[in-house]
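First, one chain by itself in structure tokens, the form predicted on its own.
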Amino acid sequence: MIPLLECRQLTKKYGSITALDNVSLTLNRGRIIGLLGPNASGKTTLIKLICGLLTPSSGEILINGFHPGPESKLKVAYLPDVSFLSEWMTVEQTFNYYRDFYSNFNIDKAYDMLSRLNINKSMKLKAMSKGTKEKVQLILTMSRNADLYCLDEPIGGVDPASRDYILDTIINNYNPEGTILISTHLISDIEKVLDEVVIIKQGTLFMYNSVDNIRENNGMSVDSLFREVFRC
């Protein structure tokens, strides 16, 4: 079977600064994977390369055997770490926009998730709190029938109750044949849902391992290992 994601000696430079350095990585299907590392470690750069928003300086990426492009972008659902919707739009307008733009967007699934939040579909984004707006953006992303979901800091800057909702939404609504890649530095909040972790340190691949192996071989949680490696 073709791997879901392959990174082969992937390097990305911004002028004299190397954001990613010779990263080789293979991810398979049906996993929830934490992409871990401190700020400026290269996590967002890696996600943007996977999504085709950046081009490698050297090396290559394959998603379902394709280089980033029209074939791969339909299979990748991306949630950036910043707001990406127009403030004047209502929830209903964002859903219609996604339905028109993505052939794999399930609008019925989106409305089902929205109903649990008790949010009026006519409500405009500019009238929402930061946490509510992030939930709407998460609904849009998770309502796509994608193979790879790339979530960049989905629980950053929201309250603990919102974090629980976001994690529950992620677990219960992704394509079971797909994989979720969650970038975060809030390890303790998401460790319970992770199958594997990819740790990036100063632009290089420091570790790729299962959560169970880390606990068994290192005698500590992923959060404790992360704090030891980066001395948080």
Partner chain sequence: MAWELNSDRPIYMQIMDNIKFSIISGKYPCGDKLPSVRDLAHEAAVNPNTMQKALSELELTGLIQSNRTTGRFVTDDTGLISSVKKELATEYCSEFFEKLHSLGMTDNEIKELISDII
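Remember, it's a predicted structure, so these values are computed and weren't measured experimentally. Numbering follows the first chain given and starts at 1.
The protein also exists as the form predicted in complex with the partner chain; that form is not presented, and the subsequent description refers to it.
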Q.
By the heavy atom within 4.5 Å rule, which residue out of H67, K192, H185, K201 makes contact with the partner chain in the predicted bound form?
A. K192
(Q) Residues D168, R215 and S221 are flagged as a possible site; in the predicted bound form, is every one of them within 4.5 Å of the partner chain by some non-hydrogen atom? (A) yes
Q: Considering the partner chain in the predicted bound form, find the one stretch among 38-46, 169-177, 201-209, 54-62 with heavy atoms no farther than 4.5 Å from it.
A: 169-177
Q | L27 within 4.5 Å of the partner chain in the predicted bound form, heavy atoms | A | no
Q: Could you list the residues in 26-65 that come within 4.5 Å of the partner chain in the predicted bound form, counting only heavy atoms and keeping sequence order?
A: G30, R31, I32
